[in-house]
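Each of two forms of one protein chain follows alone as structure tokens, named structure 1 and structure 2.
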Structure 1
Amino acid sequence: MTAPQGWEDIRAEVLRRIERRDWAPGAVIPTEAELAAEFGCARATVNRALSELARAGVLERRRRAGTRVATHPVRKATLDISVIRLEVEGRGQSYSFRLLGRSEAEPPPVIASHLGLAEGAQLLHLTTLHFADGQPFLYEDRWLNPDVLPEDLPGPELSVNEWLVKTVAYTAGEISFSAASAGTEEARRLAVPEGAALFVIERATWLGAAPVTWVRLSYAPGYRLRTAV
């Protein structure tokens, strides 16, 4: 066997020992210095490898206490939250969208309180339907805080969704994924029967303390969000 060279090799070797149960879950593994001596590399290189594994949830590291194999390996799945156009085009389909409604209004209390808005605050309310290959793909229900918008809204060539990610910064955000039965409006827009199971992403973002946007994305039936682990 060739000795591990770079930090990725060392990571692989450590992972292999964990999978082979040379190092059992919960057990303390050798220190960085010891591993560096064994692999014949600098401690920093071992540190890089072990840090990556700790970030991935495979190891747990604490100063002075050492490094141990995680007993409950919390596998972290990373989802890429992208622009809808790119998501559609990434599936090899053609993208289009249509702005359905635009108004200034007071958001429902649930949304207002979630965003931390004062009572009676007016937000911009935009509803958009996104298409993949001409078929309804996603219904977007968005509330926007006009105070944080640096420029005018985009022209018809850019969806609000895409314009937002390119121009409005935010410092904190929440995402939730759930399933919901299609309501009257969603069903009509997506051309599905009322009550159909829709995959729903709700997202709220803030810029500092100021709410930026709240959006609910209802995907047409059949949609799957995928990722590798």
Structure 2
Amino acid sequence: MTAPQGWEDIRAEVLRRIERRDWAPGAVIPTEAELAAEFGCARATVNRALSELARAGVLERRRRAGTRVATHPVRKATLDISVIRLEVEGRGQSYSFRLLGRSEAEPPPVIASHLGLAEGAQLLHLTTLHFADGQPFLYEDRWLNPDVLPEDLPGPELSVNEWLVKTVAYTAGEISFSAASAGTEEARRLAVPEGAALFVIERATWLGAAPVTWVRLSYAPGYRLRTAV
């Protein structure tokens, strides 16, 4: 085949191979690295194509288990990693943020274990407060693996959330939603009483076997999540 020019070309070629039964339902397809070598492109380009097919229900992707052709392709509910700035502006409000802290430290054991890190591993720890119309909207507590970053973190004009979505690829992720009572730090940052009910998202992502980030997003009271099905 002609070498693909972009992720859309790779997506189309993968679909052709599935439709021709080169890769039958349930079959494990070649790895991102193998496909990137075959197509003569960056691994990130292959990742984008396969991720889009996974979102459409054509492929099934599992960390450490590879990528398979879906046995029974179905339409899935999709939850994209949102850019907080766009989320706020989409509500008709003005957006701003403030980086509260940045350090290099060993993450708490529960986070290190969840990410599969060796004992003593050092990650970047960043805390950020996001505002809507000048009022606290979201408190972000993030641990970030510096080994997977293609470049240094952005300057003060761009939040780490937005920079990661635009810059750093991932191949697998986990996400959880919960209601939680505001702890001391969250209450102080969000200007709410300690114990106030918050909507919380916890998310972890990996690039292959390497963890990318773990983040806890604590929204101020009144937040509502909407998605498409």
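The first residue in the sequence of structure 1 is number 1, and each one after it adds one. Take the two forms, superpose them, and find the largest set of C-alpha atoms that agree within 1.5 Å; that set is the rigid core. Since this is a predicted model, take the numbers as computed values, not measurements.
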Quiz item: Given structures 1 and 2, which represents the form predicted together with the DNA?
Solution: 1
Quiz item: Is the C-alpha displacement of residue 23 equal to or greater than 2 Å between structures 1 and 2 once the rigid core has been superposed?
Solution: yes
Exercise. Return yes or no for residue 36: a CA shift of at least 2 Å between structures 1 and 2, with the rigid core superposed?
Key: yes
Quiz item: Fitting the rigid core first, would the Cα of residue 65 be found 2 Å or more away between structures 1 and 2?
Solution: yes
Self-check item: Following rigid core superposition, Cα shift of residue 14 between structures 1 and 2 in Å
Solution: 29.1
